[in-house]
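The chain below stands alone, shown as structure tokens; this is the form predicted on its own.
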């Protein structure tokens, strides 16, 4: 038998439960039923198939379908969700008046089924409860992300040794993926949203960086197949190109987000200038971002800088530009808040955000840098402190 909550994480899960309770009050809900993999992991520090019910008054109830042999306080095995109300009655927990469901992560069929299970309750969208709870990380979560970053940076340090003249972008990406797995990466990139898909990350070379993608990532790429049209496409890496690497930092259920760019030989001056502009933007974001600052203000200042440098046409894409310069990161690669022109969220201490001012230079490739930061009271703490220069792979 295995404890559903590892002993050393009981206090950690209690902190997260307190945050969920706070968000329930804010959203005027009596309970939330957690169903998605990412949020089950957040609320229990493990993945299982089933449901977690958190009410304002009670400790979480873990309704487990699979796997077998989990045990611990408030762990109840069920075969189907229709059993939940009876099991709640056995525990002396009344049916909540208003229950939130994860509409943003569920199918219509799942929602309708659970509405019938809780026919006596008012059912509302409770996605914001978990989204807002997860925005501000505990120190334990931050340490998990720092561990990810250490492993990710160790692999990035070896990238110049993995490159061989004449390689394609796919061959170099496979070599990096192999090294990531040997370093301990879990081999996936968890993203939020049914229309967001990616493999172990993105590697962009030359004009492939300018190919629009249907996904809401900062950079595009044709990919290897119309079935996954993003990233490396088989482009041969040649002199005069840039190589942008934005690959997996998922080692323990959390993620760090790190992009670095290399060049092969000499590249045009505009490529060098745009890369240095990316670094300038990051320095200004580091000086500007503090608790209370609006996310839209960060975006707008980044756009101003790109315009001042005469690089607005290449900023955050060229053929297809995206309207953000950063995003939250944690269990999912793309979390709240998002740094957009209309973003109304205010930064809070404990948020973890990736800031990625990038450019696409036609005929050359992508340039720029991405770091993952922790918002502290007096600074942005960079947990991906890796050299940022546009270094030569040769």
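Residue numbers count along the first chain shown, from 1. Computed from a prediction, not measured in an experiment: that's the story for all the values here.
The discussion below concerns the form predicted together with a further copy of the same chain, not included here.
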### Message
If contact means a heavy atom within 4.5 Å, which one of 256-264, 88-96, 174-182, 288-296 is the stretch that engages a further copy of the same chain in the predicted bound form?
### Response
174-182
### Task
Using a 4.5 Å heavy atom cut-off, state whether residue 308 contacts a further copy of the same chain in the predicted bound form.
no
### Task
Classify residue 56 as contacting or not contacting a further copy of the same chain in the predicted bound form by the rule of any non-hydrogen atom within 4.5 angstroms, answering yes or no.
no
### Message
Residue-level question: is residue 72 within 4.5 Å of a further copy of the same chain in the predicted bound form, judged on heavy atoms?
### Response
no
### Message
Please tell me whether any heavy atom belonging to residue 301 falls inside 4.5 Å of a heavy atom of a further copy of the same chain, as the geometry stands in the predicted bound form.
### Response
no
### Task
Note which of 136, 159, 196, 117 lies within 4.5 Å of a further copy of the same chain in the predicted bound form, where distance is taken over heavy atoms; exactly one does.
196
### Query
a further copy of the same chain isn't shown here, but in the predicted bound form which of 228, 164, 236, 154 has a heavy atom within 4.5 Å of it?
228
### Task
Enumerate the residues of 272-291 that have a non-hydrogen atom within 4.5 Å of a further copy of the same chain in the predicted bound form, in sequence order, or give none.
none
